[in-house]
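Below: one protein chain in two forms, given as structure tokens, structure 1 then structure 2.
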Structure 1
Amino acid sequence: MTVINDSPRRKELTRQAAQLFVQEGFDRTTVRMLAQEMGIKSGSLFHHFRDKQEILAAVIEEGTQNALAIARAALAECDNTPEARLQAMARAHLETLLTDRNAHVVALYEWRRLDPESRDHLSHLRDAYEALWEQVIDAALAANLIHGDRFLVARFVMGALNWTSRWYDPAGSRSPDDLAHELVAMITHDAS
């Protein structure tokens, strides 16, 4: 065992690991598969990561941090209406999920494979991301754009978005932006 830092090499390896985790799932991905994808031998892998768990934690950290950054940027750029902000969040979420369909998907679907310490460390990141959503949804509720229970609406919307990774075909005709439009249209009522 050697380093635990975040060298550029490690970032690169993390990205390649994410792809395999999405394709096969964490449990089915062996360290030998990871090593082959990375072009090294399985032993060399443990020069960069303490163990397999740490690879997962690195992937999930990158995925969540990336999603958080993109969501913040989207909110900063869009119009300041509740509807525009809702749509910006949905589009940002879908883009991190579907176009660079790697780390963020792992963060969602392999979360429970994390050991308790990593989960504890990463939950703050996830909370920050969900707090963004809650702000946006609260504003939409206040503007009478959507109706219902604050908590449930957030969960339902996240569910609809997250499930896209199960059926979305990137070669198909629909863009993430398109999907975001349709979802917002489905749940919004004309403010009145």
Structure 2
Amino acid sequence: MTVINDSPRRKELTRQAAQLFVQEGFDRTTVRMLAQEMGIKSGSLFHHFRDKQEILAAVIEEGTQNALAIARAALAECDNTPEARLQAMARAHLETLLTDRNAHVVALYEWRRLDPESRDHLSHLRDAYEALWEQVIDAALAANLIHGDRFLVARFVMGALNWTSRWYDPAGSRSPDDLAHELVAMITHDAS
């Protein structure tokens, strides 16, 4: 089951659906609302998607694939030190929030709304993203850059980064690089 396809129209519809899911929530968003937002008739929506559940899965799949691509590219381009890799992952996560905020927020808050088939299909993407974080955190732990339980460190770090979707203003005085640097400084402070 691959929910994403390469149709530019479908990708645009998926982005519009993500915005509506963020504004209204998945449960309150109706097919009629989706069609109106997308500028098509309700029946035309089913030319692109089987049902509302498939739209949700497409939003989450596209957003998670984008997050994976951004994170992998950041890790490939940075120095291979634990601190540089930690910084790169934090910056990549923030970049995901900036470039694909709606899809990311939908994945965070509406994952539980996925049907079991979609959840099973998309779990490998979520797991792959979390595995990147775990590798980076393991290396930082092994280098004594940070201390703690890997599971808890990963959850705390990702939770803090995810919460920026609620308060961060891209037009404000702090850049994503500033935020990533500050996070790494906080979790590595007094670690040695």
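Think of the rigid core as the biggest set of C-alphas that the two forms share within 1.5 Å after superposition. The first residue in the sequence of structure 1 is number 1, and each one after it adds one. None of these values were measured; they are calculated from a predicted model.
Shown second, as structure 2, is the form predicted on its own. In this overlay on the rigid core, residue 98 has a C-alpha that sits 2 Å or more away from its partner position between structure 1 and structure 2. With both forms fitted on their core, the C-alpha atom of residue 174 sits 2.4 Å from where it sits in the other form; this compares the forms between structure 1 and structure 2.
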